[in-house]
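Let's start with one chain on its own, the form predicted on its own, as structure tokens.
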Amino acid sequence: MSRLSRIAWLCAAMAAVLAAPTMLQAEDQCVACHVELDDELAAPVEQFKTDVHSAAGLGCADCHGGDPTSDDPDESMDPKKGFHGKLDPLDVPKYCARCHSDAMYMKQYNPGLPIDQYDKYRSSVHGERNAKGDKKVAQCASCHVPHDMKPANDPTSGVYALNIPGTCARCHADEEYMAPYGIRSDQYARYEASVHGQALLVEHDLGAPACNDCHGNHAASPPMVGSIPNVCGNCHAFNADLFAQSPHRAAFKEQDIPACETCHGVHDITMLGTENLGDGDQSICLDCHSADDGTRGIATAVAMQGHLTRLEDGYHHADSLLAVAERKGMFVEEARYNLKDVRQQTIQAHTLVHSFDDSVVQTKVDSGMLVLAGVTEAAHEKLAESAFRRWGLLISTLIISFVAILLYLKIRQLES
């Protein structure tokens, strides 16, 4: 080692020795103390290691105040130094807003994070009741677990899409907890069985709506009667446009009844089918209409049901013909591809029911029937070709067998 290298090494060692007391003094004494306590008080230390605030370089004192450099409890937890332990639920929103409503401060960590959460929260049902002194309603720490907060895109976060229904259910599925508010507590069970719940919770489709997609996040509130089509229309835009141009919009508005949920339900949203139209036992049209109510409601519903049934029956018939042709070894890929187009037009025809105009549904059904006619014809051709091949094979087999017998007899004759 050269003389210059030795000098550099010694300087580095001396700097480390001189800095050691400072580094020791700068150690977070909150952590050093809490790890020695019982499990309940030590748990936040372990949880905070993966907390989003810890990842940003923040520590205990950034939220709790006090002096984290002192190992004297009286000094480190001195209220005069801004220390406060567990916050009162009524104070949590305003306290979180100290940072999360400060645009310049938040830009240091996440410029894309909204800074209006506090204002939105105060406009929500939760925020209004919190402001009135209700400590039971949800506030920031109810959904974002203290000391263990994760980004919304983290699968272990309570506000990750798949986890949001369960997070809301911690309060809203507790019958005793919700009783003072007069709010039913079966929303989660109904949502879980709904078409939305099955898509999100069972199929793990992150595009399926959870509680916050309809009620909002920090500004969570139940949609009002007049706003429900707009809420549903965020995803089902075409359906919303059809309904807005239909005769039902004015009627629903006049009677002050909700649009989408009247037919589809609220949390237990179901996928309605052709059987729910018309005037049969499963018809939901009969909930409002009757044959002699002076409107074309039932007549329109029966007509739309007839059109859809015609297309659906034709689809299933063509599908069964192609299945038989496939079992007979025929190549039917082109016909299968065209049948997919019929399936798509069937879905579109069902969507057009929201126009409540049977002529609009009929136009789409007729378009599907044209394609279906070609598919059915192709299926019959494949079946006819299969029959021709089988008969040809049978006749060829008989001829070959006859010739073989003649050859055998001739050979026997020559041998004699």
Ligand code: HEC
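For every residue, the number given is its place in the sequence shown, counted from 1. Since the model is a prediction, treat every value here as computed from it, not as a measurement.
Just so you know, the form predicted in complex with the named molecule exists too; it's not on screen, but the next bit is about it.
With the partner removed from view, the residue among 325, 342, 149, 318 that has a non-hydrogen atom within 4.5 Å of the named molecule in the predicted bound form turns out to be 149.
Proximity to the named molecule in the predicted bound form, taken as a non-hydrogen atom within 4.5 angstroms, holds for one residue of 256, 281, 292, 203, which is 203. At the 4.5 Å threshold, heavy atoms of residue 373 stay clear of the named molecule in the predicted bound form, well away from it. By the criterion of a heavy atom within 4.5 Å, residue 62 is counted among the residues contacting the named molecule in the predicted bound form.
Not displayed here, the named molecule is approached by residue 353 to within 4.5 Å at the level of heavy atoms in the predicted bound form.
In the predicted bound form, at least one heavy atom of residue 210 sits within 4.5 Å of the named molecule. Contact here is defined as any heavy atom lying within 4.5 Å of the named molecule in the predicted bound form, and by that definition not a single one of 311, 387 and 394 is a contact residue. Contact annotation for 90-106: residues with any non-hydrogen atom within 4.5 angstroms of the named molecule in the predicted bound form are 92, 93, 95, 96, 98, 99, 100, 105, 106, listed in sequence order.
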